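Starting off, we have a lone chain in the form predicted on its own, written out as structure tokens.
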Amino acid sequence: MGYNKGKLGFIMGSNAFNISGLDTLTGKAVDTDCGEAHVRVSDDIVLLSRHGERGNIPPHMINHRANILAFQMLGVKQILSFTSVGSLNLELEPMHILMPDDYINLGRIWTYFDVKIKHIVPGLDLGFREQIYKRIKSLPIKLKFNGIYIQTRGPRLETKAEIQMFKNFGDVVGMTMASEATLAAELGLSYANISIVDNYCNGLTERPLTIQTMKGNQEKNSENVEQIVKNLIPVEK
């Protein structure tokens, strides 16, 4: 499946509107059956900031159902998300980028099927993921292709004891990707993820984890995100 078929959807964090190439899109409110979603659009792209236009929606309060449904309503077939994560693996250092091939959800399991019985097989679109990888693998970034994303609920970070358990099962920890991927699968949308490593998880190293360190690395990593986005747009027809 090529990512140039139809509009390409981007889900990003609070820095979404500062990235060259995405900063001139037109704002649009989409009224869905699950609530309102705010996006920015062009002929080829639909961009959504999961934390809202003002970056003030905490991870556990994001309306994932409205967000993913808005993509479908706007004709998006494929979604590429960017997430900020902590590393569970000493070899996966801050400033690295991971393209996970699977995930574990330890938080809320979002669904569109609250009132009827319908099952899906969750997962990421590995074909779409591979095509994105082929377009960005030559960039001067530290990129790892395979790994497991573990989602926790938030808004707090994980305890040291939790990290000691998680590191036996995954590579990175975040608070949003698994929810988005599952809902996309329920709607038949392709979904792939780029996880930006901003820090080692709590207790993984002797150096204490601080919020200041996380935010500082997020700002540095914005350059890597911009390189990736510029390599993927404009979408070829």
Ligand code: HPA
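Given the structure is predicted, the values throughout are model-derived calculations rather than measurements. So that there is no doubt, residue numbering starts at 1 and follows the sequence shown.
Beyond what is shown, the protein has a form predicted together with hypoxanthine; the following relates to that form.
- Hypoxanthine in the predicted bound form is approached by Val173, whose closest heavy atom lies within 4.5 angstroms of it.
- Contact check for Leu157: a non-hydrogen atom falls within 4.5 Å of hypoxanthine in the predicted bound form.
- Looking at Ile79, you'd find every heavy atom of it more than 4.5 angstroms from hypoxanthine in the predicted bound form.
- In the predicted bound form, hypoxanthine sits beyond 4.5 Å of every heavy atom of Leu25.
- Contact with hypoxanthine in the predicted bound form, defined as a heavy atom within 4.5 Å, holds for exactly one of Ala70, Ile194, Val46, Cys201, namely Cys201.
- Remark: of stretches 139-147, 101-109, 123-131, 81-89, the one touching hypoxanthine in the predicted bound form is 81-89 (heavy atom within 4.5 Å).
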